[in-house]
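Quick heads-up: it's one chain on its own, the form predicted on its own, in structure tokens.
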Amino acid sequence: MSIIIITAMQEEYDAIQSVLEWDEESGDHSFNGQRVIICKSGIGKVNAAQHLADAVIKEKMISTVDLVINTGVAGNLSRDQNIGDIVLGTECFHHDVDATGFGYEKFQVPGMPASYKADPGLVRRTLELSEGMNVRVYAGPIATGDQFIHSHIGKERINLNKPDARCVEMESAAFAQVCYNFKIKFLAIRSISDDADGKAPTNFNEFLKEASLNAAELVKRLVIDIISPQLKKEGA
């Protein structure tokens, strides 16, 4: 049994390694039979899909993969959220896909679902585990596309078509699509680094480390919650 934790950027990778207090030389750790693998894909949907698929295939030679968790940062799409807050992706969708001319739904890749939904029970449990954190945690749709959104025009285009979307980034839907194809549970845990507006490039650089650590802390709580029953069962 295995859990894969995947980030896009080095800063996000460093944050999860730091919070879990694991040796950076190895992204492969075992807890009495439960393997936890940490890896980094690089930025964008192609990098995300390629590296996660490679990681899943490699891990399947050793063990079954039960869950993939994506941790990192995102731009804000919701007025009730602030920089540093966390979003759990109830579903992830490609905001830069449009095949409606062939009768598909907006954002739907032909032959695939319109969005990739997280397990509701997993989302509920993660929300429970977030109690006591010094940031607010929300659950809602996450938009993914191969653009860094940094203008009101870009935000409005996504909000117009998906008004309940909470944040936007560049990998989660690609990770989720890979997990859909492999029939593996997936959850994106993203912290807000900027408001996806004209100040986004500056805010992103300013709050990248802080937001990455916020998301990583919630990932840590979830991973411990998953592996703890097994540790207790096996007398650890």
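This is a predicted model, so every value here is computed, not measured. Numbering starts at 1 and follows the sequence shown.
Absent from the display: the form predicted in complex with a small molecule. The rest refers to it.
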Which residue, M170, I37, V65, L187, has a heavy atom that falls within 4.5 Å of the small molecule in the predicted complex? M170
Using 4.5 Å between non-hydrogen atoms, is I226 touching the small molecule in the predicted complex? no
So in the predicted complex, does A8 come within 4.5 Å of the small molecule, heavy atom to heavy atom? yes
Does V87 make contact with the small molecule in the predicted complex, using a 4.5 Å heavy atom cut-off? no
Distance check, A74 to the small molecule in the predicted complex, heavy atom within 4.5 Å: yes
Exactly one stretch in 79-87, 129-137, 105-113, 143-151 has heavy atoms within 4.5 Å of the small molecule in the predicted complex; which is it? 143-151
